[in-house]
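For reference, the chain that follows is the form predicted alone, supplied as structure tokens.
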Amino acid sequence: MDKNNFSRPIDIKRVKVTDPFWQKVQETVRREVIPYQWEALNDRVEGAEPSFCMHNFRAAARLNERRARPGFAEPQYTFRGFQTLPEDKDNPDPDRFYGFVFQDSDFYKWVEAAAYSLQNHPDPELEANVDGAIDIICAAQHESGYLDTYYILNGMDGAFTNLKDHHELYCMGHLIESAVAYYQATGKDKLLNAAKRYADYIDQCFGPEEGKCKGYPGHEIAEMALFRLYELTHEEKYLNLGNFFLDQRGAEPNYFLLEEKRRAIDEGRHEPENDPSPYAYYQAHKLVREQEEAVGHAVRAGYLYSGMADAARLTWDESMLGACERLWEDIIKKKLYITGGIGGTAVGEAFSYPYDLPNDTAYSESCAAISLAFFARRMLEISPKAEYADVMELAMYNTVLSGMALDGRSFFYVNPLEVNPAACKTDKRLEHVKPVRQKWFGCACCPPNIARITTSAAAYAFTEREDAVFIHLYMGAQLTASNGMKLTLESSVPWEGEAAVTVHTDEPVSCTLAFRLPGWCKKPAVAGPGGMVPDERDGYAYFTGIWRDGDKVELSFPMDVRLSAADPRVREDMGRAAVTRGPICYCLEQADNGENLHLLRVDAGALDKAVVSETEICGHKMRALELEGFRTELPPEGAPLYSDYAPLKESPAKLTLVPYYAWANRGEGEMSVWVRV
């Protein structure tokens, strides 16, 4: 591990995104998504599943007021299940907890998205709204510092009794992430102080010391959040607590197994066998440093691996980095969808076995693609290798954006690569797949997660160290490096492959500018000022020297229309190809090609005749592709179900493809990423 390679995301306060593509996305989030999600969190979206998120915080705040009254009796915890719904949905009890056990986290993600938006676009009305909501959250905090409305309302005696499933530490992680982001955006520390109080309480309860709990999060994110809090405050206890959670995970005796045994005894059931393998779902089946295969719930895994990468960088831990590298290799070589999604099965929302990447039953949760982008960026911070940025870009331009409608008012939880609406409505195996985006979800982790990563996209595009600035994604922007040098990046990506960076400085500056050479471009061309010649390594072009005002680096990444094939071990994609151009994966839609997309075949020998044209969907300009192909002719109705084999008749057809992220914005219809060749 070379510490000289370490970099950190540029403070997005020092970045103004001017990119036509990402500026449009961020404006949609600012104008539509953030206000819409606030309404959803307050159960004011007609026809959407209720959230109960702010309901629970208000109920907890009222309960705290009653605690000060004489004769108050604390609620005693009785198991209420993973999700609690009111008997009368139109008249929920104002003092009861409703929704999923992790409902608090939706608010925290909303705050985080709002914080990033405020850093780029000050909005006094939004800031005042967030401040008022933070007042409610802080009023809900228990006097001990504990802050989780499920147990505050249902009985504090149940706290930390079901770490495997009840998400208290997960909610703490999102609280910390939002509190740090809001503090950095506004300088206001009320939510940050609440987060620190909760983290301090956790630190008093958990750790290697005698008498402390030896548990760890069932759903990871607390690890990476604690490391972020450490980097802000420089308080070692947060670094140590994050490392404790990582080192304890999967250690013997397995804490989740002990927890289940205690619960079985309390409930008069048979104790479970001494077998840690079921806890692979939680990545707790073995020590994290010994893990080699990405298994279990894909979002939890991505968050864990992100925390592991943070730990490797912050503590210079070679063994932790080695585990990260092994897990990364397993994902990208055996378990990654061409759209940048992960998680092949709805069973456990999990990674499946190697090369099992079904298209129509794919889970590919929006949050899982986001977790992969988190992991990729942290690996880039350790070692700038183009493969990390290539995957990060793939996830962000495709599956992450697919999770949100172009108008920002409906969302996908699941991102399949093939859809037949009729099958979705009649086949139980596809009940998780929706042919159109939903207004909201009872389990609504994805919508606010999409909002927070898109509003902070600049932190994924640019990182820096004292002597260098790294361009990972070609996102048009004006940015100021920590050495005071200003850069203007102009880019036509993702639709064309031209980009240029211009230096603005009053005095000559000695430093390195490093540019990623995208893996999707076969013949990149990079030209520096005054004959400056780049040093190329690990997929980056490094220009090192003295930079003067007006110096310019010009980059050209020709974008070919490509047919991509999967490894033959991926059974579902044999004899099929995916169409890509630049970082964008394309798909066929019924809106352009009619029904029965499975009858279409692309002419691989006529790829040179592909036409790239500008189109517009829901007010968003993008590039569409037209390819030569064929349509199989169907036999007449009433023909035998089976007959002697004979080649089917085909007729020439024009195939129109649109960006995958834009599918299902023109009504319900079939969709397919993979097409026969």
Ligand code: FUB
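Numbers for residues come from their place in the sequence shown, where the first is 1. None of the values given here were measured: they were computed from a predicted structure.
Here the subject shifts to the form predicted in complex with beta-L-arabinofuranose, a form of this protein not shown in this document.
Novice: Looking at 320-328, 480-488, 293-301, 431-439, which lies within 4.5 angstroms of beta-L-arabinofuranose in the predicted complex, counting heavy atoms?
Specialist: Among the candidates, contact is made by 293-301.
Novice: Does any part of D148 reach within 4.5 Å of beta-L-arabinofuranose in the predicted complex? Heavy atoms only, please.
Specialist: Result no; D148 lies far from beta-L-arabinofuranose in the predicted complex.
Novice: Is R516 one of the residues lying within 4.5 Å of beta-L-arabinofuranose in the predicted complex, judged by heavy atom distances?
Specialist: Although beta-L-arabinofuranose is absent here, R516 would stay clear of it in the predicted complex, with no heavy atoms inside 4.5 Å.
Novice: With the partner left out here, check for me: in the predicted complex, does some heavy atom of W495 sit within 4.5 Å of beta-L-arabinofuranose?
Specialist: Contact check for W495: no, nothing within 4.5 Å of beta-L-arabinofuranose in the predicted complex.
Novice: Using heavy atoms and a 4.5 Å limit, would one call H219 a contact residue for beta-L-arabinofuranose in the predicted complex?
Specialist: Because a heavy atom of H219 falls inside 4.5 Å of beta-L-arabinofuranose in the predicted complex, the answer is yes.
Novice: Three residues, H167, Y413 and C443; all within 4.5 Å of beta-L-arabinofuranose in the predicted complex via heavy atoms?
Specialist: So, yes: the whole triplet contacts beta-L-arabinofuranose.
Novice: Considering D390, E464, D573, E349, which brings a non-hydrogen atom within 4.5 Å of beta-L-arabinofuranose in the predicted complex?
Specialist: None of the others qualify; the residue that does is E349.
Novice: Looking at F102, W520, F244, Y201, which has any heavy atom no more than 4.5 Å from beta-L-arabinofuranose in the predicted complex?
Specialist: Here the answer is residue option F102.
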